[in-house]
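This document starts with one chain, in the form predicted alone, laid out as structure tokens.
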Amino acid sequence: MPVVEAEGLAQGYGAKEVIPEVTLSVSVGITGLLGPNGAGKTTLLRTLATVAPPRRGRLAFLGQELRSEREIRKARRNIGFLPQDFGYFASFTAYEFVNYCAWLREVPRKVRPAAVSEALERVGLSSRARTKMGALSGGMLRRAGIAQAIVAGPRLVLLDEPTVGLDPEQRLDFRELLKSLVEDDTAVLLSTHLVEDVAAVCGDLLVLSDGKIVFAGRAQALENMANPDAKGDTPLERGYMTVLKQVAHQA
């Protein structure tokens, strides 16, 4: 059963419609979300995270359609979300920040201390648990953000450009973390511009362009679509650029 499903989903802000209509399903595993700037990736993630209610369409989590505030609140307990730019109180320690986010998700009080400590350990921040968020480096802040998204083992983890600010070694550690989440029966939707990260960990891919999904399938299938003369250093990059070019020609 898919962890999250969207059917005929539309989203926008004011008079601007960012996503005219999207239908998708994300199951246990790591799904990559690719698309150029302005394609609607962040808007889609915010909608799947229930931050913003859809304008139209159907959204379901673990088979339950989300129609009431009660159903949405229940789903949020099992959704971890890392926005591209996330807010925090600079005076909070890393531990307090992750604990606060766990409280917002209504993680039970009796399990929160162990869950927070485990999340910090998984992102390599145990030694910085008592460091103020305002004193953390950019890479450490990003890891604290990842920790709050995975604390207490949510069934769905939505990550918007999670490797920004991470050095090469930290990015490799992050890839291993993603693989371990799958072992925990978690569905991960990873939005990134770094195609090499997608190639390393994602089995399924979605390509979004102008608010529409223009490709959905296995990474190998996208590689097979590559034109030999397409831009890119790898088959996956060339396949991605081929799809975008085809869409541009059809517009």
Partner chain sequence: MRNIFLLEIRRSSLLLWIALLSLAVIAALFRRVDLWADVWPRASAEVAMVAGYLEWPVVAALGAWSAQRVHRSATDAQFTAARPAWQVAAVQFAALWCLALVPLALALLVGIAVAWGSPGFVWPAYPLSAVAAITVAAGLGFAAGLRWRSRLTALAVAVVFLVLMGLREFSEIFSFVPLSGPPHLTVAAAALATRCLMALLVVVLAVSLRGGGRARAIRATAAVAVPLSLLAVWAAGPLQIERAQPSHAACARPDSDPAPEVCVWPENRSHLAVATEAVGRLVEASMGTVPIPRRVVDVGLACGNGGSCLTFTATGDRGRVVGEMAFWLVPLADCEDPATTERFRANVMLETWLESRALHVAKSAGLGPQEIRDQDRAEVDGVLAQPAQSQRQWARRQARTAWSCDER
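Keep in mind it's a predicted model, so treat the numbers as computed, not measured. Residue numbers count along the first chain shown, from 1.
This next part talks about the form predicted together with the partner chain, which is not shown.
In the model of the complex, Arg128 stays away from the partner chain, with no heavy atom inside 4.5 Å. Put simply, Leu104 is close to the partner chain in the model of the complex: some heavy atom of it is within 4.5 Å. Residue contact check for Lys212: none of its heavy atoms lie within 4.5 Å of the partner chain in the model of the complex. Heavy atoms of Glu96 reach within 4.5 Å of the partner chain in the model of the complex, making it an interface residue. For the marked spot (Val51, Glu69 and Pro83), a heavy atom within 4.5 Å of the partner chain in the model of the complex is present in each of the three residues. Only one segment in the set 161-169, 73-81, 177-185, 117-125 has residues whose heavy atoms sit within 4.5 Å of the partner chain in the model of the complex; it is 73-81. In the model of the complex, just one residue of 120-142 lies within 4.5 Å of the partner chain by at least one heavy atom: Lys132.
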